[in-house]
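What follows is a single chain, given as structure tokens, in the form predicted alone.
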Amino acid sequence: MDEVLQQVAELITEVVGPDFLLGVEITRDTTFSDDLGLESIEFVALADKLNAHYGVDLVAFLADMDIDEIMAMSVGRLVDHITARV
């Protein structure tokens, strides 16, 4: 699971750029909206990268959530979803 967390953190950095994350440590408790400030387009880019890397379709995972739940989601919840499917 730590390996998946590290890979997700690297992909987030690719999406938003390393300068944006200066001084931000991405942990399981990090949230996409409040902590990382991800915009919806960046989240879509991250979903594409995760799909390419892990073959995990996040659309089905996110389909049952409302927008507030998606934006409040933690990195750990996403990591748990990925590890349960790979």
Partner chain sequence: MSRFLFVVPPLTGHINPTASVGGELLARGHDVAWVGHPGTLAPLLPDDAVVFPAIDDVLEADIKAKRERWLALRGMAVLKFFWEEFLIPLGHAMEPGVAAAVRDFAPDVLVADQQALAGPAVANQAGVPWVTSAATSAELVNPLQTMPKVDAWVRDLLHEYAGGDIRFSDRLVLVYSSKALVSGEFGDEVAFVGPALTHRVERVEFPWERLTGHRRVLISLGTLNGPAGERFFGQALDAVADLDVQVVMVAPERPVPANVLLRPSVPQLALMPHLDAVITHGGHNTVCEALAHGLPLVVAPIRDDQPTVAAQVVAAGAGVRLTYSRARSTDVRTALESVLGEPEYAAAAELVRESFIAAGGAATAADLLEKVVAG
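No experiment lies behind these values; they were computed from the predicted model shown. Positions refer to the first chain, counted from 1. Rigid core (definition): largest C-alpha set, two forms, superposition within 1.5 Å.
A second form of this protein, the form predicted in complex with its partner chain, is not displayed here; the remarks below concern that form.
For D29, no non-hydrogen atom is located within 4.5 Å of its partner chain in the predicted complex, even though that partner is not displayed. Although the partner is absent here, D66 sits close enough that one of its heavy atoms falls within 4.5 Å of its partner chain in the predicted complex. Taking the partner from elsewhere, S40 is found to have a heavy atom lying within 4.5 Å of its partner chain in the predicted complex. Shown alone here, V59 lies within 4.5 Å of its partner chain in the predicted complex, counting heavy atoms only. Shown in the overlay between the shown form and the other one, fitted on the rigid core, is a CA shift at L11 smaller than 2 Å. Relative to the superposed rigid core, the position of the CA of M73 differs between the shown form and the other one by less than 2 Å.
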